[in-house]
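Here's a solo chain for you in structure tokens, the form predicted on its own.
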């Protein structure tokens, strides 16, 4: 009786159980990995993404590809979440995470077909992951600053932009990271304290770093000076205009004098705020919202240069570099709320007026991206985001491991040896884990036009023959030869590789735990309880 009721409950649902569910999930993961696999490495190819309106985006960034693409399968979205987590935590290794996850799942499916239970596979994968992370930390070493740190960033940008632009972006990222290195905060500091500004015209190598705030704004009164050497600044998180009713209402005015009184009181309130700011010797006023025409003239007469319509993030950057407090009510401002700016100037770039404000404090920057087209500027910005994220994190954890597939090849060899000490069926899962790690050097070889099997065998043999530093021998994708990665400057941050391995393992285990997939055939609707009551009557 109970079973029959359950059958009725899911009669409008498609159901996949056991191996069929796993096969379906693995297919989705492999399809997603196939979409970004060819972007991996310095010889990786670009993807063109075309939206419904015909707009196109050309990029080599794996996380941009999968986050932009329209994906509906829940397992594929799980992999996208893992890639996004990798991007937020390490800012690199997103493509490797997706490709490795798909390979782990594919190898898991083979084990299930051999009769190995998913719980056994999960146990083996967890042990293999722990051993891999432990071996990673043993192999890693501190990078020399700044040469090897530059090499790390160059490895991050390999294949994404041209060599000259990569070198230029690397220098900007290192300078910006150095300025923020003394600031307290999480790794998200490089996102919050660095403003990205796109400016038309010029080449991408003309992109520059401004130690202050640069914004596409002009002063509200063109009669005030377009530049100044410095002075005091006030920042208002609000506006200087007459208050408006937040609801629809009508006011009946019995005589013109009443209306004139309303207007005079509003002007008196504005003048009080402006006079108060003038008494504090404010030279520069930044307002988040609007400023009425009456207030503009009052501010100009008081010698206060004013800007309006600022985003909240820009206000916070100004507050950081000038030391000014963000206040709500200008009439209640005090001398302690004011900050100091060292210079302000306006300039026209590509027909648009831009204002640059610099302060006496550090801790906030603007990176100006130039380029002949929006697509080029956006790709430069994405590359800078990766370079900035890695360089900022490298100042906190400078440990590196070899790139070029060297560390994955070494870990595969190490885990195979480690698996021999386990007599249970978990040994098969560990060997599958080791085989999955080799997908990285194989993919690098494929994208470089080389035979992946020959490359993998050569790397494994070269690492085995060199017992001391074999782990540092990898593939130079540009020449197709094996070499010492530390000598070529092909290095990966430890936090990128370790997070990629951990994230891939977690995503794989999440999928392996799924034993039943229920697909609703129609959207849930509200039952018509009245019809049922009529039937009972």
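Residue numbers count along the first chain shown, from 1. Since the model is a prediction, treat every value here as computed from it, not as a measurement.
One more form of this protein should be noted, the form predicted together with a small molecule, which is absent from this view; the next part is about it.
**Student:** Within 4.5 angstroms, counting heavy atoms, which one of the listed stretches 169-177, 108-116, 150-158, 220-228 is next to the small molecule in the predicted complex?
**Tutor:** Of the options given, it is 150-158.
**Student:** Under a 4.5 Å heavy atom criterion, is residue 41 part of the interface with the small molecule in the predicted complex?
**Tutor:** Judged by the heavy-atom cut-off of 4.5 Å, residue 41 is in contact with the small molecule in the predicted complex.
**Student:** State yes or no: in the predicted complex, is some non-hydrogen atom of residue 75 no more than 4.5 angstroms from a non-hydrogen atom of the small molecule?
**Tutor:** Because no heavy atom of residue 75 falls inside 4.5 Å of the small molecule in the predicted complex, the answer is no.
**Student:** So in the predicted complex, is the small molecule close enough to residue 494 to count as touching (4.5 Å, heavy atoms)?
**Tutor:** No - in the predicted complex, heavy atoms of residue 494 and the small molecule never come within 4.5 Å of each other.
**Student:** Just checking whether residue 286 would be counted as a contact of the small molecule in the predicted complex - the rule being heavy atoms within 4.5 angstroms.
**Tutor:** The answer is no: residue 286 has no heavy atom within 4.5 Å of the small molecule.
**Student:** Just give me the single entry in 101, 383, 207, 95 that has a non-hydrogen atom within 4.5 angstroms of the small molecule in the predicted complex.
**Tutor:** That would be 95.
**Student:** Could you spot which one of 274, 440, 459, 365 gets a heavy atom to within 4.5 Å of the small molecule in the predicted complex?
**Tutor:** Only one listed residue qualifies here, and that residue is 440.
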